[in-house]
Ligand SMILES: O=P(O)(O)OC[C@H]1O[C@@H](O)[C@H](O)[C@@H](O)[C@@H]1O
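Given as structure tokens, the chain that follows is alone and in the form predicted on its own.
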């Protein structure tokens, strides 16, 4: 039995469009296009602003502003549903990384099942800015993985495309009447940059960080994060008002704002790690990408029966804004 009512009926063998009309009733723009494998949003006020969401994993695989791609996508990424997408914005649920302590979560592969499942496209919820929703629940999730993790859940992903922003919001519901729901959430965002060695990540100074390579926790006192080697850092309980930015040559390339997401992962695989990943192409791609990933991963969120949890990331082009921190 379906849990979510679609806002539009779709024939899976056809491409369907949502169309904007002006006051005279004349057709002017097509803002949402859906086919069997993906959904494409185009802003009605600027056709050079768009985003593409793959139904497999509900993964954003492209976000363009003024025609310029903002996200990094591996040229070796599998877009046919055969494995999670390398690049874009994969969704991490219900576990971050590979768990070794929980009886059920430890059976799941790294980063869980959301990015390994085909989501249901619910339709368009707003015309301007164009906004769409996707849903995932056990009946349609990857059955091999729900067999390993037989837990009830319901996810609603909302994607909003603004003229200068992309907002991805998640709602996690526990529909069970008897059991709690324990999970992590993370937006595994891959950002495209010209030269990673000429860029840095700002506004995380003074935050507690766990270095996954050194296996150490410390307070980061570096004014910015530079990338000249492999990085795998989990910043924990980052202040809500911290606006994380990726900066190059004095210009903020990407601004990441977090809503109810206390953690931020900063990751770049560098040379050897890139070589070890079969779907990471080209192998020099580490020079042109960096992951800044808002999430809740330092501990688990627990929802009691009937409870829900909401969070979001907002990506935009805010001007460079260094935040003063007293150490």
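Positions refer to the first chain, counted from 1. Predicted model only: the values in this text are computed from it and were never measured.
The discussion below concerns the form predicted in complex with this ligand, not included here.
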Work out which of the listed stretches, 116 to 124, 182 to 190, 146 to 154, 245 to 253, brings a heavy atom within 4.5 angstroms of this ligand in the predicted bound form. 182 to 190
If you check in the predicted bound form, do 212, 273 and 293 all have a non-hydrogen atom within 4.5 Å of this ligand? yes
Please pick, from 110, 176, 106, 226, the one residue with any non-hydrogen atom lying within 4.5 angstroms of this ligand in the predicted bound form. 110
Contact between residue 49 and this ligand in the predicted bound form at 4.5 Å, heavy atoms? no
Does this ligand come within 4.5 Å of any heavy atom of residue 235 in the predicted bound form? no
When the contact criterion is heavy atoms within 4.5 Å, does residue 86 count as touching this ligand in the predicted bound form? yes
Residue 267 versus this ligand, in the predicted bound form: is there a non-hydrogen atom within 4.5 Å? yes
